[in-house]
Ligand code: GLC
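Starting off, we have a lone chain in the form predicted on its own, written out as structure tokens.
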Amino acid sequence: MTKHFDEAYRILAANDRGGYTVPTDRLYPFQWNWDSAFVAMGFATYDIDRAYRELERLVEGQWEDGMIPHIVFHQPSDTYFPGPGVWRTGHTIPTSGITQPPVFGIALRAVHEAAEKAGTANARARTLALFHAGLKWHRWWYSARDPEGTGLVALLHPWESGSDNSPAWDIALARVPTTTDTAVVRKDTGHVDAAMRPRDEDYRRFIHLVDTYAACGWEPAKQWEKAPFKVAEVQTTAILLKAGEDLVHLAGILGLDEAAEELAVYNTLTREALLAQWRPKLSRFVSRDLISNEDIEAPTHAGFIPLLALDLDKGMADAAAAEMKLWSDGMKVAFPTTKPFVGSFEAKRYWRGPSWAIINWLLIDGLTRNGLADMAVSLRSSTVSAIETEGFAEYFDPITGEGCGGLGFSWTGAAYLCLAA
């Protein structure tokens, strides 16, 4: 096990670009939002200053309105598409124009608690500055992505989910035109087997959405009005709720009573809205397509992520656990991101089936929270074993266990440090 810890440390050091971490060399040469939050929690196990620095570098890209973008382009690179010239956001520090799941608040609590335990100097001041960035981002989520006050936050681009080409988007994304004035020059398939990546047609739709929002000047109200893709999404909403709980906890420590009260109101609204997305006949939660106003019933891992942020009654928790067990039976590596052997399942293609260490990490925390300790232990064991057998791959084929996608991956290293400890 020691050699695997050493390899995780080596990967994080190799992917360090001066206070921020790239997910992996060449394939992803910039700072990604939720990647960095997971990476910060990995750093917090052995280098607290570096953990804080990861989050501080991320918020250098925060917009005036509070959004923390999904990519911060700290340095130029020609190995990734779309770069800053496609996004056209016009910021001093170039960034993308969309966001990603707000793991930031969860990471900040983990880093602060590690710092307190270690007696780190100036931890409180660093946490306080980052707390205000996190609070500002939460306000953005509720104003820009839930303008009607439902409690569920919406995504306007599949990339915002972090689960870029999930079968959850197939119906909604099919309505998005493939036309674009931007030359789609894919770089990803030069680094990774095309069979493991989204298809060209998906990419044209992704870039059509970027063009649409760039034409809105990235103004949230205009984007909301013009969006041809608009999904109230349970994975992102659950992560927002868990981050909201963790920010309330930090507000208590920091003596920020008004902020704690504001966040608690958001959390109560979202908790009720998320619970209403449970579907007993599916034994999981569902997202909602806000354009068709229909449930998204595609069977993906996102339907179980709300366990992270909700305290379910025993009947619901047991039903979710039974369904998760059904998906995991016969798999070499749990937990598949699409229900195995349904029509949309592809064992090696990005978010259409493979198992991801960071998704398992969220599910482990959710299972533990809901009293499903045995299942949490089993999933932890499956994840750690996959990494020790196949290395620090981006994700794993759940059937064969093969490591797929990018290699020497930062968040897989961070997951190992936290799960194998």
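Start at 1 with the first residue shown and count on from there. Because the structure is predicted, anything quoted here is derived from the model rather than measured.
Note that the form predicted in complex with the named molecule isn't included here; everything after this is about it.
K.L.:
Within 4.5 Å, heavy atoms only, which of F392, W361, W34, Y52 is in contact with the named molecule in the predicted bound form?
P.N.:
Contact residue from the list: W34.
K.L.:
Name the residue from F206, Y350, W141, Y213 that puts a heavy atom within 4.5 Å of the named molecule in the predicted bound form.
P.N.:
Answer to the contact question: Y350.
K.L.:
Mark Q100 yes when one of its heavy atoms lies within 4.5 Å of a heavy atom of the named molecule in the predicted bound form, and no otherwise.
P.N.:
Output for Q100 is yes: heavy atoms within 4.5 Å of the named molecule.
K.L.:
Is D164 close enough to touch the named molecule in the predicted bound form, meaning at least one heavy atom pair within 4.5 Å?
P.N.:
Output for D164 is yes: heavy atoms within 4.5 Å of the named molecule.
K.L.:
Any of the heavy atoms of P23 lying within 4.5 Å of the named molecule in the predicted bound form?
P.N.:
Flag for P23 set to yes.
K.L.:
Quick check for you: of 24 to 32, 42 to 50, 374 to 382, 55 to 63, which stretch puts a non-hydrogen atom within 4.5 Å of the named molecule in the predicted bound form?
P.N.:
Correct option: 24 to 32.
K.L.:
Quick one: which residues from 398 to 414 get a non-hydrogen atom within 4.5 Å of the named molecule in the predicted bound form?
P.N.:
Result: F409, W411.
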